[in-house]
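Quick heads-up: it's one chain on its own, the form predicted alone, in C-alpha cells.
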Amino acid sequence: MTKRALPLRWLTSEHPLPWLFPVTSLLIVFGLYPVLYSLWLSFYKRNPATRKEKFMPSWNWEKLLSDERVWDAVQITFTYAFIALTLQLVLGLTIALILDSDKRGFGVLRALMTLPLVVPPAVTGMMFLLMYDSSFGVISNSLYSLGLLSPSTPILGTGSTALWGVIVADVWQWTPFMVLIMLAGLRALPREPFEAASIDGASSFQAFVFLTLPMMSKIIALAVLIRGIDLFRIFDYVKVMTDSGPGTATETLTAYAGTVYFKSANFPYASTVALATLILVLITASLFIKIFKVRF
C-alpha cells in the first residue's frame, strides 16, 4: 500500500477520529485556548504606568473579592437574568399555546416568529435606543401620552427604569426562541391523555395544569437552562443602549469586564472578571441541573 493511499483509506474508514478532529480542533482553538489564556492572564498584575505585567497569582483574585462594582454587577446580572427569563418563559409558553394549531395561517405566524432571532443583538439595541428617545421615540412618547412616564424621566437615563428598558429589548428578541422550543414540545405531546381528560369532563385549564405542564417539564427546564446561561453573558444590549449607565445601574458582569478591558486596558483583571462570570455560570447551571434533574 502506497503512502498516498493510507490517508485516503483512513478518511474513508469507520474510525471516528477523522470526523471528530475538525470539531475538536475548533473547540480547542476557540473554546479551550481562550479560557486557558484568560486563566494565565489572571495571574499577572498590570502596571498602568509601564504597561507591563508582573507575575502575582493572587493579586487580581483578591481585588475581585473586594471590588464593590463586581458585587453590584453580580446582583444586577442575577436580577436581569431572572426577570428576562421569567418574562420570556411565560410569554413563550403563552404564545406557543396560541400558535399550536393546524388552522390556516398559523404556519405563517410560526414562521414570522423567527424574524427577531435573525437581527443582530447590537442592531436590536440600536432600534430600541431610538424608540426610547425622549424626543421622537415611539415607545417613550406612547408612555408619556398615557401618563405612565414624564419627559423629565427618560427610560434609559433613569436608574429605576434603565434596566427594564434593556430587558424589554432582550425579551422582544429572544421570546421567539422560547416559543419555538415550547411549540416543538407541544407538538410532540401524545393526544390520548387529552382526549381521555376531555371525555372525563376536564376543562382546558385543568388539562393544561395537570397534563401539559407535567409532560412539558423537562422541555421547559432545558429551555430555561439554555436561555439562563445565555443571559449571564449579556453584553450587546447594555453596551449599545446604556454603556452600563446611568452610573452603574445596568452594569452586568460581562459589561464590567468589557469596561475594564477596553477603557482601562487592564487585561489581567478583565480576564479575572470574565473567569469569575464563567465560574458563576457553571455553579448556577450545575445547581439548576441537580435541583430540577435536567437530563440531556
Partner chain sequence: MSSVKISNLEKAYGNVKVLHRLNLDVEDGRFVVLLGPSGCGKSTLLRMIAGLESVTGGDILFDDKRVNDVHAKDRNIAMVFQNYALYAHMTVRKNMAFSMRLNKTDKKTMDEKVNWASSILGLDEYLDRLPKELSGGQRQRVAMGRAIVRDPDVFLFDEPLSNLDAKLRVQMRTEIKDLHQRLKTTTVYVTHDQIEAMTMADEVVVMRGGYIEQSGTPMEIYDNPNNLFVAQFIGSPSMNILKCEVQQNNGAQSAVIGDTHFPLPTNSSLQVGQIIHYGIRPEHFHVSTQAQHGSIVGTVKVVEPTGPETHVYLNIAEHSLCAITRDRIELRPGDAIHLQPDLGHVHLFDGDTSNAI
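Residue numbers count along the first chain shown, from 1. Source: prediction; values computed, not measured.
The next section is about a form of this same protein that is not shown, the form predicted in complex with the partner chain.
Here the marked residues 66, 68 and 72 all miss the partner chain in the model of the complex; none has a heavy atom within 4.5 angstroms. Though the partner is left out of this view, residue 112 does not reach within 4.5 Å of the partner chain in the model of the complex, counting heavy atoms only. Proximity of residue 210 to the partner chain in the model of the complex: non-hydrogen atoms within 4.5 Å are present.
By the criterion of a heavy atom within 4.5 Å, residue 198 is counted among the residues contacting the partner chain in the model of the complex. In the model of the complex, the partner chain sits within 4.5 Å of a heavy atom belonging to residue 203. Contact annotation: of the candidates 120, 214, 151, 147, the single residue with a non-hydrogen atom within 4.5 angstroms of the partner chain in the model of the complex is 214.
193 is the sole member of 107, 159, 116, 193 with a non-hydrogen atom lying within 4.5 angstroms of the partner chain in the model of the complex. Contact with the partner chain, judged by heavy atoms within 4.5 Å in the model of the complex, is confined among 159 to 167, 214 to 222, 139 to 147, 78 to 86 to 214 to 222.
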